[in-house]
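In structure tokens, the next block holds one chain alone, the form predicted on its own.
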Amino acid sequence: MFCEKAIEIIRELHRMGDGQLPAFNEDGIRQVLEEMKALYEQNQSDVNEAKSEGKSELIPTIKFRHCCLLRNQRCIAAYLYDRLLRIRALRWEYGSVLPTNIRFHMCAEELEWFNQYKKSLATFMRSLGGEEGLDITQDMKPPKSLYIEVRCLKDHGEFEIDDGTIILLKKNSQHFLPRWKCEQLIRQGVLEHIMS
């Protein structure tokens, strides 16, 4: 039946919770576009036949196919827009470097869009707050304390804090660091916040 594949890709996206990004359904999109092309070609031939031979009984069929075309178009636009909103939210959650398992689920155009969004956000943040700019992705929730205790989950190498102190982040090492310097690494899975 008409529009079934378009509705299926919307349902597939809806089944995934917020913050999750399913693999890009390129096959589903291609099938919907092929259906749209077939509907359009059928409509074109029926419109030409209705005009040349005056067959008015074809008009309801033409209108029905046109409504199916519009519905498929809206479904594809909704699918792509919802994915972009999820990708934008992932930038705020994970920072400028996405985990590979998430990048794996994105198509090339989405990766390009993510990189452009990342650059635009970085340009905006540099324009705020003087010379260094202002990182608006930090402190998504108001901090209870300025310093937190963290445990390193994997070897990361040297990490410099504001006073010039260099800390070696080795697996299973624990540190007492400024919250705002750690949040990005916590989101990337390098550090974990130790709750006491």
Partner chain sequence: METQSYLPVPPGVGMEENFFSLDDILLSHERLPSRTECTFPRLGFLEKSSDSRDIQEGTKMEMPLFLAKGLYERKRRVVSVELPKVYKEGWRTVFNADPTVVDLHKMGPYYYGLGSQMLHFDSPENPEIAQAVLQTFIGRFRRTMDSSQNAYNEDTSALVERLDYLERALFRAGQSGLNSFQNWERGRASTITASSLVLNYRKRKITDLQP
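The term rigid core refers to the maximal set of C-alpha atoms that superpose within 1.5 Å between the two forms. Positions refer to the first chain, counted from 1. The structure presented is a predicted model; accordingly, all values stated were derived computationally and were not measured.
Not pictured, yet referred to below: the form predicted together with its partner chain.
Remark: Lys171 does not count among the residues lining its partner chain in the model of the complex, judged by a heavy atom distance of 4.5 Å or less.
By the criterion of a heavy atom within 4.5 Å, Asn25 is excluded from the residues contacting its partner chain in the model of the complex. The closest heavy atom approach of Glu49 to its partner chain in the model of the complex falls within 4.5 Å. Although the partner is absent from this view, Pro60 contacts its partner chain in the model of the complex, with a non-hydrogen atom inside 4.5 angstroms.
If you take 85 to 100 and check each residue for a heavy atom within 4.5 Å of its partner chain in the model of the complex, you get Leu85, Arg86, Arg88, Ala89, Leu90, Trp92, Glu93, Tyr94, in sequence order. Superposition on the rigid core between the shown form and the other one places the CA atom of Ile186 2 Å or more away from its counterpart.
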